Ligand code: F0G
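Here's a solo chain for you in C-alpha cells, the form predicted on its own.
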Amino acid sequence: MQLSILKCISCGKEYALTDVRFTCMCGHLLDVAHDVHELKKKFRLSKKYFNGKRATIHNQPSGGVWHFGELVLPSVKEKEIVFKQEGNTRLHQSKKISSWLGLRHFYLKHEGENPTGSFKDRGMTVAVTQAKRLRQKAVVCASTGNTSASLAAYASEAEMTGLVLIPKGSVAVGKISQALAYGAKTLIVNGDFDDCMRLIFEAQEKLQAYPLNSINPFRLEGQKTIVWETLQQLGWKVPDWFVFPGGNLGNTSAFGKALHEASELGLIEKMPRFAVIQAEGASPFYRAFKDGFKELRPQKAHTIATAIKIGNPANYTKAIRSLQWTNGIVESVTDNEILEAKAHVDGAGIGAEPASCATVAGLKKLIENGIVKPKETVVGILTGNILKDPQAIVDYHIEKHGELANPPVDIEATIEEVKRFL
C-alpha cells in the first residue's frame, strides 16, 4: 500500500512520488497526498505521540519540520534528509503590539528565526531532500529574495548546483547577498517575478534543473509544519485566527492542508479562520476574493514588501481551497500601513521584514472593521527576519516617514553633548 502519492487537485489523477513533475497532465497543480488514516495507524499518531517525541537527525535534535516527518515525507530515510535544524521558532507575545492592536490574546510566530532567516527553510529541507532522492544534480528557483537565499544554503548542504533567477530591481540587498554568499549561480532577469517563473519551467524541461518554488508540492509539505508546531506550542488549543501575508500563496495553500490533515487525524476539533494579507500594489488574490473568485486577474506588482511582490500567484487554486476549508478572508494594506505596523513590530524588539509586517497591518485593519474581535485569540505569522531588508528600516527612520521614526542625531564628541541630548 502506498502511503503517499502525487495527486492532481483538480482531476484527481495520481502519480508516483518518484515522478519528476509539478503539474498534472490536465495542467493543474499536484498535492503530496497522504493516506492519513493509514499513517495514523502505522505510527499511532496523536497529540500525545508528538508531545512525547524526541527524535534526532544526523545525531542532532530534529524538532521543527522533521518532528512531524510521518506526515511530511513518511517514506524518507534519515540518511537522505538535508537538514539544518530548521523550525522550532518561537511564539512571541508583546504587550506593546497587543495594546496597539486592541487584542487580548495575540501571538507572533516568527519564522525569521530559521537558519537563513525565513520560513522558506521549512519547505526547502523537504524539497531538496526529495531532489536528492530523485538524484537531481541541479535545483532552480525564481525568487524575490527569500527563496533564493534558502535554496542556495540547502543546495550547498546537499552538494548540488543551485541556480536562482531574480527580477531586476525587485530584491532587497539582504536577500541577494545570501544567495551570492552561499554559492548559488545568480541570474538577474530583465523582467518581473512572473517572467522568472516562466523561465524555471523551461529550465526544468530543457536543462533538467529541479524547480524549488512553491509549485513544488514537497515545498508545501515542509511549510505545513508552521501550523502544526504552533498548535503544539499552544497545547493543541486552536486559535480563532491565523493571519499571514500572501504573495505566491504557498503558505496559504500549505496551512490549509495542514489544518485539513490535522482535522482528519483528530488533532483538532475545530477549524480556525484564515486572514490572508496582501500589499495593495500586489493584490490579485484580494481582488479575486472581493469578486467571488470568478477569475484571477494578474497585475504588475508594486510594493515595498518585496517578498510578496507577486502579480500572478502560482498557488491560486490551492489557496482558494484553503479559504474554503477555513472560512477564510483576504485583505489588502498600503505600503504606508505596512511601514507603520513594521515600526510597531520592530519597536517591540521583535523585528521583521516589511512583507511579514503586512500581517500586523492587516490585522489592525480587520480589528478596526470589526471582523476580528478583541476577545479572540489570534496567531500572526512573521515570515522573514528584520535584516532581510535593512534599507527599508534606514529609509523609514532617517527620512522620518512616520510618528515612530527614530532618526540618528549628530553631536560633538563631548559628554556634555550626550547629556544635552538625553
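Each residue number is its position in the shown sequence, starting from 1. Nothing here was measured: the structure is a model prediction, and the numbers come from that model.
Keep in mind that the form predicted in complex with the ligand is missing from the display, and what follows is about it.
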Contact residue in the predicted bound form, from 341, 164, 310, 126 (heavy atom within 4.5 Å of the ligand): 310
Of these, 155, 282, 226, 142, which has a heavy atom no more than 4.5 Å from the ligand in the predicted bound form? 142
Find out whether any non-hydrogen atom of residue 114 is located within 4.5 angstroms of the ligand in the predicted bound form, and reply yes or no. no
Within 4.5 Å, heavy atoms only: does residue 245 come near the ligand in the predicted bound form? yes
Going by a heavy atom distance of 4.5 Å, is residue 249 a contact of the ligand in the predicted bound form? yes
Considering non-hydrogen atoms and a 4.5 Å limit, does the ligand approach residue 322 in the predicted bound form? no
Quick one: find which of 41-49, 355-363, 389-397, 22-30 has residues within 4.5 Å of the ligand in the predicted bound form by heavy atom distance. 355-363
Within 368-399, which residues come within 4.5 Å of the ligand in the predicted bound form, counting heavy atoms only? 383, 384
